[in-house]
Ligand SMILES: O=C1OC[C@@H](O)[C@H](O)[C@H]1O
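The chain below stands alone, shown as structure tokens; this is the form predicted alone.
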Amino acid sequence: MAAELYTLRWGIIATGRISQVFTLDLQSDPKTRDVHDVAHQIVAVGSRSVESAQKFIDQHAPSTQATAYGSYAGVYSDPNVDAIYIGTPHTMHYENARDALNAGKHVLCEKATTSNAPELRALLALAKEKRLFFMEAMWTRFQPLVKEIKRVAEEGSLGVPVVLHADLSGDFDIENIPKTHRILDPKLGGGALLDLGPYPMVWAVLGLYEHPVNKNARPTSISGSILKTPLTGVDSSTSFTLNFTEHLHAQAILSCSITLPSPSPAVTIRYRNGNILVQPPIYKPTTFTVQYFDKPGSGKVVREETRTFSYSGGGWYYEADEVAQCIRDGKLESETWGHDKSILLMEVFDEVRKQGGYALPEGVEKVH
């Protein structure tokens, strides 16, 4: 007998680009990705005005009959909403997620989840107290290509990882955009680290932190370096190195920049028996190559295998399916992208900002 279909009813907070692509993906038929147990329904959208919310619905979800609200509070209090998707700037995430949880709603919150680790810890404590699901929207981790890389990385033929390089960069033309743009405004947590940094970090988590030999041990050291733009003082280029030495003997060398494009390959995971090379963009890659050496440590590639994946839509629906399945099953967090990983990201970012001398403006961080 087929399992009963569970439909998760979503409220969307904010109407910017990231909410647009997530909303479009929610409307794709789950059966097209071989998902038959959950479905998604958009029932409410909140913006700064009813007109703005209705325009969003008309343009991106015209067949949903979603209710338009001129405030986020309206979405939180809507009895038809099960879960809230938060697509606001990251310095607003703490207050938005707190209010959603206090209203009894499950939460999928965009990355970086908060401005700092204390804010995130406070949210996770609240979610636990309220018995509500909370997840960082780390969509990359749920994509089929990434799951396949994890399988290859852990099946043993490459050996254990030794060095991982990952970069996400983009030329934002910072000399010619307003200083109020999210990438330049320190009040919005601007700069490369909080905006782009989660993506190099997800690869470090996948390749090193999650590796079975690592036994979920956290990095034993973090070293960060920040180059600031004189335009607004946010970080224009940031690099950080994580050492994993408790069980592995491995290093993640991570970088992000807002002034130039990503290199290719943009992720390289190096083993004694070969390499895994991932082509950009690392947030939604479509191809990767595995190189095998003739003998350990030689560097002589004797075999290469390239895998290519294609997506209908944007690829955001995989994380939405995870949220629906977890909530249906009464889980408070995802086993694939659990709270420990989100905390790890925020603690690394806090330390890198501290070492780089990048403090957010007074009042931006709501919990210390």
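Bear in mind that the values here come from a model prediction, so they are computed numbers and not experimental data. Start at 1 and count along the sequence shown; that's the residue number.
Below, we turn to the form predicted together with this ligand, even though it does not appear here.
**Q** If you check 141, 111, 105, 98 against this ligand in the model of the complex, which one has a heavy atom within 4.5 Å?
**A** So the residue touching this ligand in the model of the complex, by this definition, is 111.
**Q** What is the one choice in 196, 123, 234, 202 with a heavy atom within 4.5 Å of this ligand in the model of the complex?
**A** Exactly one residue meets the criterion: 196.
**Q** To test your reading of this chain, name the stretch in 188-196, 266-274, 214-222, 244-252 whose heavy atoms come within 4.5 Å of this ligand in the model of the complex.
**A** The contacting stretch here is 188-196.
**Q** Does this ligand come within 4.5 Å of any heavy atom of residue 172 in the model of the complex?
**A** Residue-level check for residue 172: yes, a contact with this ligand.
**Q** Even though the partner isn't displayed, in the model of the complex is residue 283 close enough to this ligand, meaning a heavy atom within 4.5 Å?
**A** Answer yes; at least one heavy atom of residue 283 falls within 4.5 Å of this ligand in the model of the complex.
**Q** When the contact criterion is heavy atoms within 4.5 Å, does residue 182 count as touching this ligand in the model of the complex?
**A** Contact with this ligand, yes.
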